[in-house]
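Next up is one chain by itself, shown in structure tokens, the form predicted alone.
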């Protein structure tokens, strides 16, 4: 029998509450747990119907209710259908945004180099202080699970997990419930040893899978290996005699080509800038050893949802600082306007 919207809300509230507490759920708890604005008597009537339909059961006289297997099934099927739609929508949206942002940042680097006559760099946004939004496990075969991890900024990471024992769909669904109930909305710092131990205990013989998923979450959140940096105007360096010494120029060009030094500059800029703003490194203040004869002016841009990146201008110490700062501020305003509209 198809459940009414009200019965579905009450059933979902019972399941969620029972997953969190392990205690039978009463009508008073449901009245506080939902926004239905129903009396306890009305909720008791709905719960009686759900019990008659086989979705919940009363384990003791005058006690609350707990879900039956059929109740779990309705909850899981509904939840997973919603999550599937959410993930697919996120993937589509993410691909569109990534393509648009990629072109935008390349154009930004080129524009800054043209407008200032210095070298420029723009890093693609990385995620900071982000939290877990969703974990979705699914079977690939008898020995592998696919973990889809969605973190703030709608960044999606796919990880294949090897499992030592055969695992059926029912177990995968229960693990999805367990992990999402306890981990959604948390940062990696909030996923502490006590919580991990509790999850492993609840997972029983599948505790190793829980450990592997949490490791995958940590990697997804902290993975900075694929930092993308766009550069432009490197040849502008040769316009300034003080930077054309063969060794100095070679080192500067190398830094732009290999980009490892620029990655270190991005990490340092983001770690030192709690808010978006302008930072100026002059000569020996530079965090990049090959740029000690230069000045570097950087700004941190923020696209929301914890997505931040660095814009930088590299030129001689006698650069036109006012012009550079004005250009960086203008670019940050444009990024905010274009990306968030």
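From a predicted model like this one, the values you see are computed outputs, not experimental measurements. Positions refer to the first chain, counted from 1.
Another form, the form predicted together with the DNA, is not on view; read the next lines as being about it.
Distance criterion of 4.5 Å from any heavy atom to the DNA in the predicted complex singles out 27 from the list 290, 68, 27, 295. Interface residue remark: residue 278 is not counted as part of the site for the DNA in the predicted complex, having no heavy atom within 4.5 Å. With a 4.5 Å cutoff on heavy atoms, residue 311 does not count as touching the DNA in the predicted complex; it lies far away. None of the heavy atoms of residue 282 is located within 4.5 Å of the DNA in the predicted complex. Shown alone here, residue 303 lies farther than 4.5 Å from the DNA in the predicted complex, counting heavy atoms only.
Here the marked residues 175, 176 and 197 all miss the DNA in the predicted complex; none has a heavy atom within 4.5 angstroms. Screening 36-44, 282-290, 295-303, 312-320 for residues having heavy atoms within 4.5 Å of the DNA in the predicted complex returns a single hit, 36-44.
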